[in-house]
Each structure stands twice: as structure tokens, then as C-alpha cells.
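As a starting point, one isolated chain is supplied in C-alpha cells, in the form predicted on its own.
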């Protein structure tokens, strides 16, 4: 999976110079997405990097998501929503309009997740969610390591994710209720994989945050399925803004990243 976190100071200088931030972002991905589609099944646009440009930025987010889907890519909206009642229903309706899956935080409990789970049923579109279980940041320990009933809170959340997905239709043995587990905590990966036997794992944190692809074998099953390894800056910012061959560099970085992920997924 390739993360889409557009930063103006990292965009190629020759992409629509003089255009507005939103226009330049869309122009950048219009050229880059076909290259990404050669090597990855999915992209993860982080909504914060679009929303910071206001309504134009949000329209750019929707446009980039639509372009990605046109190239056959699944779109996982990194929105980290979590609220209750009609508010959660409105978030689900809005974000599933342009995304195949979204990220959620579980702090408010099942009733904050339930409106999203309704969209995971095939008759409602067959969407998916990825619930924050063990995040990649150093501050994750502040709460996720707290002991609850003799086990860390992240394990309690992992068990909840398993319950939330147990009544939903599975594909290849996996439910549409996945979990975010940071690639920066490889020593915990095997334990969490056992607690999440039917959940796709989204593994952020490779590259700039210090996670390494070669440490993630425990996330995959014997078929090489079960995990989506995400990298953003290592692929989408692998060039200097003044470079003229930036598109070829993205292509090569995405190819190398896919090769590394496949090698680990297929490892015994």
C-alpha cells in the first residue's frame, strides 16, 4: 500500500507551477497514480494533507480517490473517525462515498463503529474498516500499554476487533474489519496476529518512522495474505523537487517496495 500524504514543499517543481495547492496536488497524482497501479493494489490518502487547504483541498481528496479507483486501485481513506449515533452515520455515509475502506479509532466503543460496520455488508456496498489497535507512534505506549484485566489495552481492542468482524462475510478467510498495527512494534506482531486471526492488518510506519519490511513476516499467512504494508515518503518523496525524472523514480521506488513486501509475504 502506498500512502498519499501530499506536501507542497515536496512536490515536483515542474508540476503545474503557479497553480493553487489543490490543483498542483491533483496534477501530481494524475501522473503518479498510473505508475503506482503497476505495483500496488491499494493507496491510502491521508485526509489531513488535503483538508488543510479547505474546501478546495477536500475536493482534491475526492478527485484523487476517484482517479485511483479508475486505475484499479483500492482506496483506504485515512480519516481516523470515531463518534456516536447520527454523527457516526453521517461520517460513514460521507467517507464511504469515495473510499473502499476507512480507518477508525475505537475509544468511544462499539456504537461508534457500528454505523461503519453496516456498510461492510455486501448489500450495503461491501466496504471495510481498519480499527486502530497498536499505532506506530512512540506515544502509543501512553494508553495502549495500560493493563486492563491483566493484559495491555491494545490486546483488549484487538479482541474487540475480532468480535466486531465475526458475523460479517469473509473473503479468503478474512473479515472486512481490519486492524492498524504499527510496523514499528515488530516484537508485538506475532501476539497481535494471533488475537486477530481473521483481520487484515494495516502496517504503517515503514521507512521514515523506522519500521522495516523484513521484520513483518508474522503478519502474513502461509499464502502471503493478511497484511497491507504501507509506505508513504519512501515512495512518494523519493526525489528532490527540482528533479526532472521524478516519475521514473517513483516507479522504481514503488517497484522496489513491492518486491520487498512480496519477498517477506512469501517467506516460510
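Just so it is clear, the model here is predicted, and its values are computed rather than measured. Positions refer to the first chain, counted from 1.
A second form of this protein, the form predicted together with a further copy of the same chain, is not displayed here; the remarks below concern that form.
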Margin query: Please identify the residue among 195, 118, 156, 168 with any heavy atom within 4.5 Å of a further copy of the same chain in the model of the complex.
Written below: 156
Next item on the list: Would you check, heavy atoms only and a 4.5 Å threshold, whether residue 46 touches a further copy of the same chain in the model of the complex?
Entry: yes
Check: Is residue 210 a contact residue for a further copy of the same chain in the model of the complex, using a 4.5 Å heavy atom cut-off?
Finding: no
Check: Is the gap between residue 162 and a further copy of the same chain in the model of the complex 4.5 Å or less for some heavy atom pair?
Finding: no
Notebook entry, point to check: Given that the partner is absent here, does residue 135 sit within 4.5 Å of a further copy of the same chain in the model of the complex, heavy atoms only?
Noted result: yes
Next item on the list: Decide yes or no: are 53, 56 and 80 jointly within 4.5 Å of a further copy of the same chain in the model of the complex, with each residue judged by its heavy atoms?
Entry: yes
Next item on the list: Choose from 27 to 35, 57 to 65, 195 to 203, 214 to 222 the stretch whose residues reach within 4.5 Å of a further copy of the same chain in the model of the complex, heavy atoms counted.
Entry: 57 to 65
Check: For 99 to 117: residues with a non-hydrogen atom within 4.5 angstroms of a further copy of the same chain in the model of the complex?
Finding: 105, 106, 107, 108, 109, 110, 111
